[in-house]
Each structure stands twice: as C-alpha cells, then as structure tokens.
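Next comes just one chain, in structure tokens: the form predicted on its own.
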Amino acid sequence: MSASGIFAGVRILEFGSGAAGPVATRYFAEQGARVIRVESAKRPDFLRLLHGPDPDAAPMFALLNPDKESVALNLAEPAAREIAERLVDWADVVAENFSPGVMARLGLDPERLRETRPQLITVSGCLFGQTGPQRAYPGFGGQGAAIAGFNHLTGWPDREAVGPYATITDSLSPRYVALAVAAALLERRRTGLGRAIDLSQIETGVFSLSEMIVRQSAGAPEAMRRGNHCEYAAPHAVYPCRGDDRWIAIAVFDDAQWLALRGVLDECEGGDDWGGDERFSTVAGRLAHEDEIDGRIADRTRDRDPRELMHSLQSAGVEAGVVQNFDDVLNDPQLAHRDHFQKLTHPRLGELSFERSALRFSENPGSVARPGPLLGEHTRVVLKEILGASPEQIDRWIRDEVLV
C-alpha cells in the first residue's frame, strides 16, 4: 500500500475468492488504498489450495493479492457476521464476487448495508450478475469465455473450439469493476452518495466482442475460427525460427509491407524473388493463397534467429514480434524499463517477481510493497485498530472459532 497513491485514504473491504475480485481491488491497493480481505481457513479461497494443502504457500494467491491485509472470519458464526458488519461501517467500498445470494444469506447484501450508510459503495462481480434467469449459475472464467462467444472465435477452422488461454472473463471483468468503482468514488465526492454496482462477467465478455455482435446483427457473414489468420491481412501468422520452440509473429496489412517483407526474406535467400508471383501482388490475392505463402515464409524463417529477424523486419516497416516464452517476459527490456516486475520476499515462498499494473500516473506511479498476506495475518491488528477489540476479546473469538 502506497501512502502517496491517488487512492490513498480509500478503504476497501473484500469478500469472495478466485481471481476476478482480487485483480480489481489490487489496482486500488497499488495506488494507496487500504484493502482488507475477509477469508477463513474453514472455507479457504480455492487459489490458496491450488498448489497443495498449505494455504500460505500458494503462489497464485500471493501474486494476485499484494499490499492487502487478511482477516480470518468464520462467517458461519453469528459473532463473525457481527464483526463483518462493523468492518463494513469502516469501509468506503465493499467488494465481493460470490455467487448471487451468498451475501444476502450472510446479512451483507447491498440493500441492507446501504440502508443506514447510503454513502457506501458496493460492487459485485459474479458470472451472470445478480438478476436474470441464470443468475444462480456458479461458474468460472472457462465457462464465461464459452458463453460470451470467445471460444467460437479461437482455434483452427477445421477443429473444435479451444477457447483463449486461461479464464479470460476473470481477466476482463476486474478492469471493468475497477473502472466502475473509481467512477462511483468520483461521483460520491460530488453527491455524498454511494452506489450498488452489479457487474456480470459474461456481459463484460460480450461487450468486448461487440464488433462480432454488431456484424451478426447486421446480417454479415458470421465470424469464425481462423487460427492465426486475419480476414483482411496476409500473410498474418506465426512462423518457426531457429531454436527449441521459437517462433515469430508477422502481420502484413498492405502491399508496401509485403514488398518490405519480401526484401528482408530475400536477403537470407541470396536474392531469390520468391514472392514475385502475380497471385500475391494484392491483399485479396494473398488472402486467397495464404496457406501457400505461409509455407514459403516458414521455409525462410526456420533457420533465422527470431530476435534478429524481428529487428530486421521492424526496421523495414513490417509488423513482427518474437513469440516470447515466460523467461523472455521476465527479462524483457521494455518491461524492465517500466519496472513492471518488482521482486518481493514471501515468508513461505521466498523471492517472487510481482507484477505492477500497466498504469503509470505522473506524480504517483504506484508500487507493490508487500506480497499477498498469509491467511489471517492481520486479524489481531485490524480488529484492535478498527474495532477497538482487546487482546482478551480476540483470544475468546479465536477459542470460539469465530476467528479462524
């Protein structure tokens, strides 16, 4: 938590599990907000158990929750729910990504919380949103990508849909959540009133594919899987290079770029004008023969160093990029220049590289200061500081399994 960030002084109380909720609130933590997570060893966040039974040795959780505090509350106990309500009174924002109905069963639904605190901002980011016939469906980003339409577009035209890597709606929706919360905080500065924000992960996915939806509604040909190809550019694909599983992505959008590509690849072939075929002289012609062109390009790239070829193509005005593996990403000079990765030491996992957000504000660039918390690491500090609880009271709550 940076004391000088643009959200310094903002207080966020977070419920839920998984990636979508934590990614949204970490933007605020990086810029100075105090973010307190409510969780429990009785029902731990599944991200804490991805790599084994120790909830404090989970890299994914630690990386997604830097600069946050953890309070262990067993919300199955009435006393724990009372503590949670008192923490809500402290908060400016209550964020959650449980399935619909969970917060209401805990007595923490927005309607109830905002009755006495109309200035409170609440945000929910579940799969389908809080309303509608499918609201109770408890899904994850894998289903979200399929339902939103991403899987229909990703993969090869003659094969089954494979979907984008990882859980894309879990990655998209937090950006919308963060924007909505920032807007609500700005509005509250003007009006003094908060908002209850109901965000659907599915709808953020559909919105992100709005071009395809508009085309479909206008009766245009349906967008389909094209592998690495593009409907208005050719060549447009990924080609093999020298080395173990090394590739380069090349995209040619016009005839000038096509001539430049030919020039660079001809150099390594001793001047062979392989691309002079009249069939390839226009974008339409290249699109009609893109498989043949891909084969010819691959023959000329497979013995080239990917980075050298990338620089040669870029210098000639051709869009090209090395397909980086994750070791490349960790050592990428552009990311290093912008301090994208910061090394922090986790008490269980040792030194890890933590990512910062891509945002750089001029006077407040933000930073990551602490790894994600151990489960319940800050329970005593938070309950003493915010609720005024005595050590004896906290000990009683622990014995009664209220704090666990």
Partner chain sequence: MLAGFRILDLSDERGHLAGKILGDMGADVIKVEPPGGDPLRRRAPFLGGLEDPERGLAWLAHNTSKRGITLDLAPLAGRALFSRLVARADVVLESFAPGTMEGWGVGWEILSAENPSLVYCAITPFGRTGPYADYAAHDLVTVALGGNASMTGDADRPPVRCSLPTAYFHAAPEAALGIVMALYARDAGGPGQLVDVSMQECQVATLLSGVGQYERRGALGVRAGARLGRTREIWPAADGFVTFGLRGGHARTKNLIATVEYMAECGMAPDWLRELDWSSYRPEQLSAGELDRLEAAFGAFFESRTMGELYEQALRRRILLAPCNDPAAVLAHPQLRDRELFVEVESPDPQVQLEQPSFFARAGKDGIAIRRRAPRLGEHNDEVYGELGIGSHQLGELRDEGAL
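Given the structure is predicted, the values throughout are model-derived calculations rather than measurements. Numbering follows the first chain given and starts at 1.
Not pictured, yet referred to below: the form predicted in complex with its partner chain.
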Contact stretch among 275 to 283, 259 to 267, 74 to 82, 124 to 132 - heavy atom within 4.5 Å of its partner chain in the predicted bound form: 124 to 132
Asp170, Arg189 and Phe361 each touching its partner chain in the predicted bound form (heavy atom, 4.5 Å): yes
Leu199, Cys241, Leu87, Leu113 - the one with a heavy atom within 4.5 Å of its partner chain in the predicted bound form: Leu199
is_contact(Asp332, its partner chain) in the predicted bound form, heavy atom dist at most 4.5 Å: yes
Interface membership of Pro347, its partner chain in the predicted bound form, 4.5 Å heavy atom rule: no
Exercise: Val35 in contact with its partner chain in the predicted bound form, heavy atom 4.5 Å: no
Partner proximity in the predicted bound form: Gln31 to its partner chain, non-hydrogen atom cutoff 4.5 Å: yes
Sequence-ordered list of residues in 168 to 190 near its partner chain in the predicted bound form, where near means a heavy atom within 4.5 Å: Ile168, Asp170, Ser171, Leu172, Arg175, Tyr176, Ala178, Leu179, Ala180, Ala182, Ala183, Ala184, Leu185, Leu186, Glu187, Arg189, Arg190
